[in-house]
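A single chain comes next, written as structure tokens; it is the form predicted alone.
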């Protein structure tokens, strides 16, 4: 069985769980507690020298960086597909995914926010403003692209989940956590609402993970 090292609230872990669930893959979840800096311990850095989650371990491979993991999953387990069959569709889905994975998420992840707090002495209200600014900027562009696609169904592209939805849903979760006003983004909200009815997304949600703290 594959092992997925992650953290319940990690957006990159969340997107990987969604993809693996959509492909109906069994895996063992191994918690790396980011709140306690377990990712920086030598035992985990021996697995991933970057000290980041997720890491996917198989019998033959140890993989890190969620974009690479998701592409490997698509190549190794092609059904159900998370990329369209046509070239134009694939480039569209990859672009939507990259807008989140490259331009929104990285500047709002924990290590960046910890640097703002601990090294630059930025207070929590300013940290919140930082997150809201960059998520809102990214969502505005994403919303425009979703709205102009008149052939789109209930998802980011077409009528079935793609990699773009794997990226989007964790970012919406993060947006709510940072109190981003989502009212300007009705297409994003609608996609999230629809995805939340599907078992693969429900089971991948942060609140449903083994390492989710008890209230």
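In this text, all values refer to a predicted model and were calculated from it rather than measured experimentally. Positions refer to the first chain, counted from 1.
Just so it is clear, the following notes concern the form predicted in complex with a small molecule, a form of the same protein that is not shown.
Participant: I have 10, 53 and 111 flagged as a candidate spot, so tell me whether each of them has a non-hydrogen atom within 4.5 Å of the small molecule in the predicted bound form.
Facilitator: Yes: 10, 53 and 111 each sit within 4.5 Å of the small molecule in the predicted bound form.
Participant: Where does the small molecule sit in the predicted bound form: which of 143 to 151, 171 to 179, 60 to 68, 157 to 165, heavy atoms within 4.5 Å?
Facilitator: Selected stretch: 60 to 68.
Participant: Is the gap between residue 17 and the small molecule in the predicted bound form 4.5 Å or less for some heavy atom pair?
Facilitator: No, residue 17 sits far enough from the small molecule in the predicted bound form that none of its heavy atoms falls within 4.5 Å.
Participant: Taking the small molecule as it sits in the predicted bound form, is residue 188 in contact with it (heavy atom to heavy atom, 4.5 Å or less)?
Facilitator: No, residue 188 sits far enough from the small molecule in the predicted bound form that none of its heavy atoms falls within 4.5 Å.
Participant: Can you check whether residue 92 is within 4.5 Å of the small molecule in the predicted bound form, heavy atom basis?
Facilitator: Looking in the predicted bound form, residue contacts with the small molecule do not include residue 92, since no heavy atom lies within 4.5 Å.
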